[in-house]
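Below you will find one chain, with nothing else, as structure tokens; this is the form predicted on its own, and questions on how it binds or moves follow later.
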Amino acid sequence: MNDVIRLLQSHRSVRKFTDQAIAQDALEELVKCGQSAATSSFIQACTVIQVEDKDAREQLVQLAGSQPYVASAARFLVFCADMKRHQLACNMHEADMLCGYTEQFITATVDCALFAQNVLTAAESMGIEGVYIGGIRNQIQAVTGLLALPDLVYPVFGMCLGYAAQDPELKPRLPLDVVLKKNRYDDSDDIASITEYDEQVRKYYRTRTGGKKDTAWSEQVADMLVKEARPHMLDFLKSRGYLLK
């Protein structure tokens, strides 16, 4: 196992941070690493908002569902899928951009995710830890206003970065045979594998919470997916110029 593989397989979400700062030049190197990620058709459709204003951070804590580490992390970034600059590029060449295609939404969102994962992996290589904050989509219209995002730009998720003040255990992932299929999709053995995996997850949660949480992975997923999942997102995305056709 080489150092890169070891780093990737040791990822944890960290939510408690020390007061140690992250230098601006270090942060900019991380963003450059994000820019080096694969990008669909060289579209480069990710913009990063570095939120430094304390009041804005405190507002984002509440907008993201009362997650205090949004304020306490050394740095907080918001990764935005951005087709606005592509409209500018078309205008530069007097071309009428065709907007609203679902494919544009997919490519911009995937670009954003690839960019962010490069940032976090690079950060971890420097001893900096972090956690993604999908909760900014809870009140995404308010977040959009707070960050002054124009049409064709939407906030996909946030990211806390800082030096860890905790050492969480690795969270067990699904068995390889559940996620790696050969030649065709075959889930005939998945229930047996997931049942065994459920016990690993139960043990993980018991250890992590001192016995206060005793939940299996499949139980957690089943509970989550019988509830509405941010139903406001479709109308919001349409209002930003996405998913119109």
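Note that this is a predicted model, so its numbers are computed, not measured. All residue numbers refer to positions in the sequence shown, first residue = 1.
FYI, the form predicted in complex with a small molecule isn't displayed, but the following is about it.
- In summary, among the residues Q59, T47, Q67, T39, the only one with a non-hydrogen atom within 4.5 Å of the small molecule in the model of the complex is Q67.
- Using a 4.5 angstroms threshold between heavy atoms, A108 stays clear of the small molecule in the model of the complex.
- Although the partner is absent from this view, Y132 contacts the small molecule in the model of the complex, with a non-hydrogen atom inside 4.5 angstroms.
- When contacts are judged by a 4.5 Å heavy atom cut-off, Y163 does not count as touching the small molecule in the model of the complex.
- Though the partner is left out of this view, T18 does not reach within 4.5 Å of the small molecule in the model of the complex, counting heavy atoms only.
- Exactly one of the stretches 82 to 90, 171 to 179, 144 to 152, 99 to 107 approaches the small molecule in the model of the complex with heavy atoms within 4.5 Å, and it is 171 to 179.
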